[in-house]
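Presented below, as structure tokens, is a lone chain in the form predicted alone.
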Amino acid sequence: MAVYKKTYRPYDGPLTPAWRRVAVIPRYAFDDLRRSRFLSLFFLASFIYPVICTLLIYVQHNASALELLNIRNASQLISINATFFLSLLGWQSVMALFLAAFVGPGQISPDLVNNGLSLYLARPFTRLEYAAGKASVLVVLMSLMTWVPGLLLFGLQGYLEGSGWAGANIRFAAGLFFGAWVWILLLSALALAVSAWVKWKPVAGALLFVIFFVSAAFGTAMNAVQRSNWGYLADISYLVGSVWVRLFEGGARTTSGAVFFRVPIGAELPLWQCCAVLILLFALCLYLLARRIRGVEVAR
């Protein structure tokens, strides 16, 4: 309207609380992802392994089912131990990697390509809130795929096994929860950093797989050349697997880690070194992300 009419009045209605404003970003992101049929089918398919584990736990505690299978000892079917839950966490984490490769590149790169980042930051959003809103999409989806079904299976096993099992094996629940969060935070930061620097989404998604597989191959090559285990510090899957093994089993190791996150027995590195490399990688991703999330762009 014309300024000389002086009829403009500022908005004096109710304001959205500051803690709820950041929820606008994931709300619209989930609406876009829901329209993808491929993503919906993949998300549902990622629960096949937890469903199989649920059936195994149920059959192991069902007398009629054991009699039908001609199994007298329930332990002959499967052992519900650290290996069982580590395999669950490893497989679901690989599914989370595929999900991050599909969803992650589409979080920040479209805003940069279409010069929409300044419009976000012109609203009552800080750069941290913008990044947190984008990361929450990956965090929620990957949580539903990893530690949530893991804790549900732990609760089912504790309920069917009877009192005393859950308390004696509480380390499994802690390992599922904290181990999954190590992977979720690292993968979310890496996916957003790649999305911020690689504007073409197919290339950004492929780059996530390249980072993990190349790091594993590079670590193996370094070990072969130097005839030591220090090359594992460049292998992301080994670093994450080392943290998982310590969470699940402590100092007394009986397994070689999770599927796709192998930690060979006898090739262990100090835990503090593995954690230091993971923290350094996480900080590097945050630094790269902060360099790209800006309200203005300087053209030279």
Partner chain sequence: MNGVRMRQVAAVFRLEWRRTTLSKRAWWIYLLAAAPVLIALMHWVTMRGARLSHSVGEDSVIYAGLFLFLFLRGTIFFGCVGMFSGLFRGEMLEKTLHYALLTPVRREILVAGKYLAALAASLALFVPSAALTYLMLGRHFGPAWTDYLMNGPGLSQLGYYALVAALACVGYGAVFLLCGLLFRNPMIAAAVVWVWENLNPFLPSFLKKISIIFYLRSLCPVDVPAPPPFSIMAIETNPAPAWLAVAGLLAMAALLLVYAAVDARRAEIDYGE
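These numbers were taken from a predicted model, which means no experiment stands behind them. Residue numbers count along the first chain shown, from 1.
Omitted from view is the form predicted together with the partner chain, to which the following refers.
In the predicted complex, the partner chain lies within 4.5 Å of some heavy atom of Val225. In the predicted complex, none of the heavy atoms of Ala168 sits within 4.5 Å of a heavy atom of the partner chain. In the predicted complex, the partner chain stays beyond 4.5 Å of every heavy atom belonging to Leu141.
For His61, no non-hydrogen atom is located within 4.5 Å of the partner chain in the predicted complex, even though that partner is not displayed.
Partner contact region in the predicted complex: 96-104, out of 96-104, 146-154, 179-187, 123-131, criterion any non-hydrogen atom within 4.5 Å of the partner chain.
Residue Ala206 is the only one of Ile78, Leu119, Leu160, Ala206 with a heavy atom lying within 4.5 Å of the partner chain in the predicted complex. Residues from 31-49 that approach the partner chain in the predicted complex with a non-hydrogen atom within 4.5 Å are limited to Phe38.
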